[in-house]
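Before any questions on how it binds or moves, here is one chain, the form predicted alone, in structure tokens.
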Amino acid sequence: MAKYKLEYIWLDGYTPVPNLRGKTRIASEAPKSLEDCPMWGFDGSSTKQAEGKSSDCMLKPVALYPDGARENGFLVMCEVMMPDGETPHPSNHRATIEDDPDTWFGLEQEYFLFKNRRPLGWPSDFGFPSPQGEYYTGVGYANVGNIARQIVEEHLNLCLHAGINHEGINAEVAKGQWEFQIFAKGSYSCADDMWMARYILMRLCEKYEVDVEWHCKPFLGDWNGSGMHCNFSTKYMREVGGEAYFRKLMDAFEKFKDEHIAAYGPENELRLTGFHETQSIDKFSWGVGDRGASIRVPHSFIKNGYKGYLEDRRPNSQGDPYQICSRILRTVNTVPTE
């Protein structure tokens, strides 16, 4: 009789950046839906989510994916709950997202691949590669190497097998830096998929003895940092919109500027300097097609009567997708609609 491997995956209680955790549950039947994935307990005292004298926490499955890296395998994204199984744990930021199936998010995850504490393709001991210029969307060993291309292609295939909606992948501006983009409909789905895609990438890199560096500015100097630009729209933005509504929306984003920065990932001041396609961390701005603004407004948005999606360029690569999506939706929902 076949046995099935269900990898339950969750976020721990570390701050300011939670770590991914996972453990395998063996099942006699393949799960057809989340209803076939029961809640499961774990030792919260080992993940900074409980004390040893009362260590039980619960995993609540929220998304199910086929696992292309394992025979008879499945990946189960989970929320962390208190022992009663009903109360969200304080570390559970997914529970703070307002449920709205008509909100769409797209996240652009940038990251570096590291080996021996250096980005792939950099000089092995000290110094720097040639300056930025030809690496972005580049091709050829001198620009992207070989192991990196192999990793990102395998990661793409594993994510597509899992049903994660990748919109694309590319080499990024700095050498050793890459990006993938995920789009999903519904206020939770894109963040669920992003965390799962991160897990798949980190697990994949184990066999190559390579680490994924999520930090937004792993090297100071004239090198692009890593962001996680967040594209977003609501049904009202897509179907009604209008200039008056848009300007009120931008006023709200400026009003809650500090709250957004607090949710957008640690040490963002190293990245949001006003250079390398960023706005300064202490300022808010928007601009049509402006990659140096806090909010980039696509030309199509204006041409379509101020309707469509917007791009918040401030979230960084290490940010928690749950907190990012939650904060954006909360701000959008402060603006009245007609």
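If you're wondering where the values come from, they're calculated on a predicted model, not measured in any experiment. One-based numbering along the sequence shown.
The same protein has a further form, the form predicted together with adenosine-5'-diphosphate, not shown here; the description that follows concerns it.
S.K.: Within 4.5 Å of adenosine-5'-diphosphate in the predicted bound form, counting heavy atoms only, one of 150-158, 87-95, 116-124, 181-189 shows up; tell me which.
M.R.: Looking at the other structure, the answer is 181-189.
S.K.: Would you mind picking the one in Y245, F219, Y135, W104 that has a heavy atom within 4.5 Å of adenosine-5'-diphosphate in the predicted bound form?
M.R.: The residue from Y245, F219, Y135, W104 that makes the contact is W104.
S.K.: Of the residues E167, E267, D258, E239, which one places a heavy atom within 4.5 Å of adenosine-5'-diphosphate in the predicted bound form?
M.R.: By the 4.5 Å criterion, the partner-contacting residue is E167.
S.K.: Taking heavy atoms only, is R203 within 4.5 angstroms of adenosine-5'-diphosphate in the predicted bound form?
M.R.: Taking the distances in the predicted bound form, the answer for R203 is no, it never comes within 4.5 Å of adenosine-5'-diphosphate.
S.K.: Should N224 be counted as a contact of adenosine-5'-diphosphate in the predicted bound form, where contact means heavy atoms within 4.5 Å?
M.R.: Judged by the heavy-atom cut-off of 4.5 Å, N224 is well away from adenosine-5'-diphosphate in the predicted bound form.
S.K.: Do R291 and adenosine-5'-diphosphate come within 4.5 Å of each other in the predicted bound form, heavy atoms counted?
M.R.: Looking in the predicted bound form, residue contacts with adenosine-5'-diphosphate include R291, since a heavy atom lies within 4.5 Å.
S.K.: Counting only non-hydrogen atoms and a 4.5 angstroms cut-off, does S233 reach adenosine-5'-diphosphate in the predicted bound form?
M.R.: So S233 counts as contacting adenosine-5'-diphosphate.
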